[in-house]
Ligand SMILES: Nc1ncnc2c1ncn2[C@@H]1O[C@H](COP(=O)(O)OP(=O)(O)OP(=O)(O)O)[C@@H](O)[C@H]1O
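There is one chain below, alone, in structure tokens, taken in the form predicted alone.
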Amino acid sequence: MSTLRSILVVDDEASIRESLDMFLREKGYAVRTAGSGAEGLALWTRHHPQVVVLDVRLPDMSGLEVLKKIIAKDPEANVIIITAFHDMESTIAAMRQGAYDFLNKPLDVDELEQAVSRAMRMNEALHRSPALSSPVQDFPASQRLVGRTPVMRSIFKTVGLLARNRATVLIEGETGTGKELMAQVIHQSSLLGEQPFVTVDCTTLVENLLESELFGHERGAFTGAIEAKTGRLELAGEGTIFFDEIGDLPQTLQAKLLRFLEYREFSRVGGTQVLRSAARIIAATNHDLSELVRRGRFRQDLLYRLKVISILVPPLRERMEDIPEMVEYFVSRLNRELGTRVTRVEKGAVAALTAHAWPGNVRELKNVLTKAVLDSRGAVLLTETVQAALSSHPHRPASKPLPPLGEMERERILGALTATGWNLSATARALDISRPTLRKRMSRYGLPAKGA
């Protein structure tokens, strides 16, 4: 009998074997049947059918035991479990052990046909799709930056040079391009890569606590400081301190960070002891810092200090040629992290990924692949599975970015002035601020005091 579109049915009930044999043959499949686990394993070993329909309850052994032995010999085998016992434990155990699908008796023939058709589709894709060149493994830092385009090769060279020194680095790029990963690779590739890597997220820390987080504080330095705290600069030691989204650092702290960069000295809040730090500084931003300097939102001297070495991480849409390699890397990594068993990716799936606009950059690519891998029951990541995952991440035009806070405040003050006919007292009352405060802010934003 030809193994083309071949199915093995293993069930202890002769009536079910006969009815499935007749039904599947009518659908064009070559069918063999077995009434016990041992007979089923012998037929599978001898003929290696493309799909196995396997009952859970067999006279000599559990169908789950048969499944385990099949998957142990061929992790890419497509086994559909059937059972008359509708218990959660069997379903979970079967899917965990690598079953392609799980159907309940009495069988719905349409449901069975669809499951068999999908399993056959998986088997055909298995033979058409090349195996991943990066099997499940532990990826060192140097292999987590993926890409062969000229711009990425240039970045790799820069990272290699930075591994030999302690220069301050500014990493620029859109959200989701992998700026923090770039910082981690720079750190881990250096001679002091075993030292701490400490992150300061400038977007999430409250301004009046950020100084304490960065420099630490002494006991009693402020209300609530019941004990001394070590700041992140101290925690970094001789390692790296990474300022994520440095463009959002409050201006009051920009001056203090500048002083630290100039002298490498600092004191805890409420303390007098001068401390020194040898930590490397890496900063990242998705803002145009030069534009923020122009608007008065970022110190130009701080930008000069941070931009000793700069790296511009390109958006994914500008290096689409890297997507096939990135897919292999992420799928292998997801297999390790999620316990999935995708060993091949269909060419159509890669084509669908390459055709996407990726407004969310590498982060979006990883999210789409995570969903697709989790939804993939077999060893091949199918085109339709990827398309379904992409449909949940549709391309939307990038929303217009919000203006800087200072610009928003200027517009609000200007609007209030216009509404009151530039009456400063009325404007101050409308904004719920004092008249001197209003004058200071008008001066800051270049608004002339032409009213009464």
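Start at 1 and count along the sequence shown; that's the residue number. Quick caveat, the model's predicted, so the values are computed rather than measured.
The same protein also has a form predicted in complex with this ligand, omitted here; what follows describes it.
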At the 4.5 Å heavy atom threshold, is Gly247 in contact with this ligand in the predicted bound form?
no
Examine Asn104 and determine whether its closest non-hydrogen atom to this ligand in the predicted bound form is within 4.5 angstroms.
no
Is Thr177 close enough to this ligand in the predicted bound form to count, meaning some heavy atom within 4.5 Å?
yes
According to a 4.5 angstroms non-hydrogen atom cut-off, is Lys256 in contact with this ligand in the predicted bound form?
no
Which of these residues, Arg166, Arg264, Arg363, Arg297, gets a heavy atom within 4.5 Å of this ligand in the predicted bound form?
Arg363
Checking Val159, Ile309, Ala221, Leu181 against this ligand in the predicted bound form, the residue with a non-hydrogen atom inside 4.5 angstroms turns out to be Leu181
Among 226-234, 299-307, 145-153, 91-99, the stretch whose residues bring a heavy atom within 4.5 Å of this ligand in the predicted bound form is 145-153
Just give me the residues of 322-340, first to last, that have a heavy atom within 4.5 Å of this ligand in the predicted bound form.
Met326, Tyr329, Phe330
